[in-house]
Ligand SMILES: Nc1ncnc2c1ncn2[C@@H]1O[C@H](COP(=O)(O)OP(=O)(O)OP(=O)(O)O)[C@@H](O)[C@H]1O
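Below sits a lone chain in C-alpha cells, taken as the form predicted alone.
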C-alpha cells in the first residue's frame, strides 16, 4: 500500500505532569529529519513518541496534538494499522505468534498487498546488517533475541512497511549496530525520532529534545558545534563495540583489545 503523501508531522504543545503548559510553539518533523529525545528516567520520553504513534488530539495524558500536513489526520490513518505511516519499535518488542521469520514476513507482505516477494529476503539481509546474531528465515520469531527482533522489525519497517516515520524507543541495547541502522535510515530518507541514553545517537541527531517532568524542557540544535566531540565519542564507541563482539565470540582480550594469541 502506498502511503498518503506526508510532508510534515507537527507536534503541538501539551502540559507537564504538574499541569503547566509546555513552552515550545511546535515541533515539525520532515523526511530525513533525525531527532533524539533525552532526559532522566520518568521524564516523559516514551510518552512523547507514544503521542506521535497514536496521533494524539488532546486526548492523551499529555494533552498534545499531532497534525499531518498541518491538519488533523484522516480517521483511517489513525485507526487502520495497514494505513498508518508510522512504525514504533521499542526495546521490549516481542512476537507472540509461533511463526518462522519467513512466515512472519510473508504474512506482512500479503497484508500490505505487495507482489514483490523479494522484499522478504531483502528484509532478512538488511536485518543482518544491524545485528551480530545471524537471523535465518527458518528461525522461529519467538526464539529470536531482543536484539534480533528489533533488528528484524527495523528492517521490516524500511523494506515492507515502507513507513516514512520511524519511532525507536531505546533500541540501541541488545547488540544492535546502531551506526548501520542510522546509515540505512538516512539512505532511505526516513523521518526518525529515537528515545536514547546513548551519547553517540544523541550527538548524531539534527535536533535534541530534552524532557523534564513530563514536558519538553528545551530543544537543542547543535548545527555542527558538536562535530569534534562526536568524532571522539564515535571512535571510543567503535572500540567498545569491537571488544563486545570479541567477548561474545568467546575470545580473551589482551591489553590492546586484540585476541590472545
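Numbering follows the first chain given and starts at 1. Quick caveat: nothing in here was measured; it's all calculated off a predicted structure.
What comes next is about the form predicted in complex with the ligand, which is not displayed.
Contact with the ligand in the model of the complex holds for none of 150, 178 and 238, as no heavy atom of theirs lies within 4.5 Å. The stretch among 59 to 67, 28 to 36, 227 to 235, 200 to 208 whose residues place heavy atoms within 4.5 Å of the ligand in the model of the complex is 59 to 67. The ligand is not shown here, but in the model of the complex it comes within 4.5 Å of a heavy atom of residue 15.
The shortest heavy atom separation between residue 52 and the ligand in the model of the complex exceeds 4.5 Å. With a 4.5 Å cutoff on heavy atoms, residue 170 counts as touching the ligand in the model of the complex. In the model of the complex, the ligand stays beyond 4.5 Å of every heavy atom belonging to residue 220. For the stretch 199 to 227, the set of residues having any non-hydrogen atom within 4.5 angstroms of the ligand in the model of the complex comprises only 214.
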